[in-house]
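Quick setup: one chain, the form predicted alone, written in structure tokens, and binding and motion questions come after.
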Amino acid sequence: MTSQTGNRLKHSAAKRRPQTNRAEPQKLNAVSLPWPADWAQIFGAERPLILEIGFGTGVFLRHLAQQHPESNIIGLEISNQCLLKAENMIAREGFNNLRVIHSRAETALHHLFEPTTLSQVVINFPDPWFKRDHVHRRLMQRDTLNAIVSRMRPGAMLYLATDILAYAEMAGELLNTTPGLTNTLPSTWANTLPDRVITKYEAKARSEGRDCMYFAYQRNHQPAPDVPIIGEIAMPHIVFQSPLSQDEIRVGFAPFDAHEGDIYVGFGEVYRGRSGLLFEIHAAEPTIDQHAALLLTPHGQGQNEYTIQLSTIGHPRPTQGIHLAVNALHQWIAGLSENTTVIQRKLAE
């Protein structure tokens, strides 16, 4: 093969190979983002914020990004499959005003968004959670709606769609009794909305003969509910002295749980490492659930002095629940020996 032929083949291959300078968007998770989030830094531009909660296949999310190039569009989802599909769509179509976040709605609303920062909120066909034991998981509840309203700026729109009549009736009563919102429709809901893009789920509901109900409410100038953002708090730790060895503490362990108000912490297992013990925990709070671990390690050179602190496994956040867990573990160890004494304590009130 001549050098000229080889150069032509290389040139031809280069032409066939797709050229792109677009970097894949960083995967975002509410647990690892700053609290509150710096949206101008994330998007690279200060623009109005539009939020879709539970974007599913991403059809409506894509529509929002196309129709509102002047805004930053944020989608929330807990399904990894939906997140991956949306991330691929963003990279493929080169949207610079669209990002998706792995997050529960409650976590994002209370930790990521400051008051009066959202110009539009969209909720399409939320899970109705029919079973009585699951009602508390419904998105449309007074506490969550108060958080949504507090995050909306005056004039912002809230759109809700459902194909479940019972859910529509419940949501309608909730929305109609929210002073900070004004209904923009002539009735509680409409069965069609002009210029609305049809989602995959929506098309299926209609093909199966189910009516869809649409709500459109605007944030008015009534005072918003006082829902302060929950930001960063300090890392917790306790330094203490105990006559017990690590092996004695491990042998004495049995799973237990601790409660304080609406915070629950469950201790599952303990594992022995080379330098300490690792306690597996589940901390459930109204705004965030975390599967994390606490470490018990020797402290300094003191005999039988230990530190309890949060492990960095899995990027946990030092929330009130984690502070409760650190204190509960210390209290449990203190219950094994009355000669346990605290040397230093750093816990939230």
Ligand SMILES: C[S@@+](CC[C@H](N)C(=O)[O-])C[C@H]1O[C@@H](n2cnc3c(N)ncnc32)[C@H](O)[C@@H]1O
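Bear in mind that the values here come from a model prediction, so they are computed numbers and not experimental data. All residue numbers are counted from 1 along the displayed sequence.
Another form exists, predicted in complex with the named molecule; not displayed. Remarks below refer to it.
Novice: By the heavy atom within 4.5 Å rule, which residue out of Asp143, Glu93, Glu248, Asp127 makes contact with the named molecule in the predicted complex?
Specialist: Only one listed residue qualifies here, and that residue is Asp127.
Novice: Just to confirm, with a 4.5 Å cut-off on non-hydrogen atoms, which of Met170, Ile229, Leu193, Ile78 contacts the named molecule in the predicted complex?
Specialist: The option sitting close enough to the partner is Ile78.
Novice: Gly54 versus the named molecule, in the predicted complex: is there a non-hydrogen atom within 4.5 Å?
Specialist: The answer is yes: Gly54 has a heavy atom within 4.5 Å of the named molecule.
Novice: Would you please decide whether Glu106 lies within 4.5 angstroms of the named molecule in the predicted complex, comparing each non-hydrogen atom pair?
Specialist: Contact check for Glu106: yes, within 4.5 Å of the named molecule in the predicted complex.
Novice: So, Lys200 and the named molecule: in the predicted complex, are they within 4.5 Å at any heavy atom pair?
Specialist: Close contact exists here: in the predicted complex, Lys200 approaches the named molecule to within 4.5 Å, heavy atoms only.
Novice: Quick one: is Cys82 in contact with the named molecule in the predicted complex, heavy atoms, 4.5 Å cut-off?
Specialist: Answer yes; at least one heavy atom of Cys82 falls within 4.5 Å of the named molecule in the predicted complex.
Novice: Among 292-300, 315-323, 46-54, 276-284, which stretch sits within 4.5 Å of the named molecule in the predicted complex, heavy atoms only?
Specialist: After filtering at 4.5 Å, what remains is 46-54.
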